[in-house]
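Just the one chain here, the form predicted on its own, laid out as structure tokens.
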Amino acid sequence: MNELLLDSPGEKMLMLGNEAIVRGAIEAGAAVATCYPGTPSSEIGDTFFKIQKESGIYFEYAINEMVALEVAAAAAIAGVRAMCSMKHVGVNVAADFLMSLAYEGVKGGFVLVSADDPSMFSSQNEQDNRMYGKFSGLPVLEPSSIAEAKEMARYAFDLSEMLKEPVILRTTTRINHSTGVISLGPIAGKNSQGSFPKEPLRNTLIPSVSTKLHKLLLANWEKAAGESDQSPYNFVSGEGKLGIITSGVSFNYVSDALQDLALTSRVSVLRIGFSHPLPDRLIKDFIAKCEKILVVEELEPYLEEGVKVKAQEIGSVIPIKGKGDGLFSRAYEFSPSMVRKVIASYFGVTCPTKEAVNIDIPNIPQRPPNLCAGCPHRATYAAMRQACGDEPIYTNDIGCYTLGVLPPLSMSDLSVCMGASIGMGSGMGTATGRKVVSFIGDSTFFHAGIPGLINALHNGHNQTVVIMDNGTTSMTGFQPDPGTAMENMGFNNLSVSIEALVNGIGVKHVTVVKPFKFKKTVEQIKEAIAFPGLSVIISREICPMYEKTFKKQEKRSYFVDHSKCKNHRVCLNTLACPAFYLEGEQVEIDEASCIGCTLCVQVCPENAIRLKKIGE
């Protein structure tokens, strides 16, 4: 049995934050879970995927975040407890449905996990999704530890059912990707059978219905405000007339800093875990007892603005600071040392300089981000460069293939967000009159690229779309997409044919290429580019890292035959495969990295790269 399913209340267990959230859902009796994978949330979906058969929890990787939300929310509307997880920018995709779902409400407990990414470790922005709580009128919970993430996930289902509204569990990377000890709780019975009595004049959001439901949402918000004021997740620790208000992982930084600065007897801390609606009475009481307050929170001044409003309402004029004025920034993740320094400065105490702990780990060599050795995307890009050079404008999308931005491939002139490459390509072509090539991965194509392609076809844009089909969602850990061959994972879901889909909407020029057949691929690209109007190239080769997870690969090692090599370095300067390295002035191939894709063999003008024979 998977240890996440152990019904052993009180037992201690070490878990990743995302696993702890899943355990909280299991303890709450969740029967449906959905997601679209995205760092730092991906392990939530991956964990549900692993345990779905054993647990009886229905799980699916949805085509995008809005569909994931729709599937899970519908189950909750029918009375079944459900969870939906995504990264912060995914909530933007789901936001249209979320805003109206708040009006519709739910019957069974429903939790939306929004995993925010301060410092953008793997994201294109670092938006603060607590704002979605204010925007939608939905409650927001923010854990400060792994143990609390589990407890809050479980509690969120109860809160949701009590309010009959979805609840947003907002985490950050430090919670999702840290490990901690949790105490197992009892597992509640699971109700997998929902019901939906038809009430079209209650559940169909036409204006006359929505007008009434908005009042209901506001009434539920008032109930949530009452819950927030008495929530055990909002509490005061320490004592003194100096005050700190904080939330999330910042609470841990504050706790450590006060210990380091010997301020625990002088500073009171209000930790807010139920952060929307803010606890009105608790905050006003806290303000009334303080002489000055520092607000410690990552990203946007969400707490700070709310606290200042509360202070104004009670006529308090004490200093309340957070962002700006040489204190905290609205950008990037905080660190313990930075928080300690700001607290010391704000409260006028000396900040001791801590000696760095020498743990004798050598510095990691710096290197640019690069596609893996043997990645078929490199072959596609190299073929495109050979066929077209710098003549087209290249719009790109979000995925492993975005790494093609760097030289020598240089295959991304513009990239913004999931699914945008094709639509941007249409606009760029219209505005400039130049040929545009748009790149998009298979998972991203299903996620949000299809509407852009249909639009490009219908409006007659002169564009070549390259769908990089490697058979999986590589960037987040090989989650399946609708085109994935599911039998490799032990499932019998139908796979959706990309070429049938593209042909079906009426694209006149569709080409399927095998990028490791380099010369032929270059010829096929030239034909597609020359086609007037919209053409589609499907570049299909399975991700070798994904293939390793279910198939034993035959190892083929190549080497540079220096009796033939004239050191032109075409291989290095064209492909920049990380399996290459320089030994003195000579190019060599790292046998451990090379997977034998043969791309370098095909571009070498001297035929100097050869297959190593057994014993050679």
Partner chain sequence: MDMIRIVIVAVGGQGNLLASHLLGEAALAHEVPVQISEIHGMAQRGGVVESSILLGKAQSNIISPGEADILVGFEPLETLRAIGKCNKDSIVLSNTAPLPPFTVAIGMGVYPPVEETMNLIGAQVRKNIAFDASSLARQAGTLLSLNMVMLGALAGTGLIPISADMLKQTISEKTKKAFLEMNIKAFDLGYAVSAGAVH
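This is a predicted model, so every value here is computed, not measured. Residue numbers count along the first chain shown, from 1.
Another form, the form predicted together with the partner chain, is not on view; read the next lines as being about it.
Novice: Among Thr430, Asn488, Ser178, Ser495, which has any heavy atom within 4.5 Å of the partner chain in the model of the complex?
Specialist: Selected option: Ser178.
Novice: Could you work out which of Pro319, Gly460, Pro336, Gly226 is the residue within 4.5 angstroms of the partner chain in the model of the complex, going by heavy atoms?
Specialist: So the residue touching the partner chain in the model of the complex, by this definition, is Pro336.
Novice: Please run the contact check for Phe446 against the partner chain in the model of the complex: heavy atoms, 4.5 angstroms, yes or no?
Specialist: Result no; Phe446 lies far from the partner chain in the model of the complex.
Novice: Even though the partner chain is not shown here, does Met13 get within 4.5 Å of it in the model of the complex, heavy atoms only?
Specialist: Met13: yes, in contact with the partner chain in the model of the complex.
Novice: Could you tell me if Arg434 has a non-hydrogen atom within 4.5 Å of the partner chain in the model of the complex?
Specialist: Outside the cut-off, so no.
Novice: Quick one: does Phe347 come within 4.5 Å of the partner chain in the model of the complex, counting heavy atoms only?
Specialist: Judged by the heavy-atom cut-off of 4.5 Å, Phe347 is well away from the partner chain in the model of the complex.
Novice: The chain here is shown without the partner chain. Which stretch in 550 to 558, 22 to 30, 57 to 65, 571 to 579 comes within 4.5 angstroms of it in the model of the complex, by heavy atom distance?
Specialist: That would be 571 to 579.
Novice: May I ask you to list the residues of 367 to 401 that have any heavy atom within 4.5 angstroms of the partner chain in the model of the complex, in sequence order?
Specialist: Counting only heavy atoms within 4.5 Å of the partner chain in the model of the complex, the contacting residues of 367 to 401 are Arg367, Pro368, Pro369, Asn370, Cys372, Cys400.
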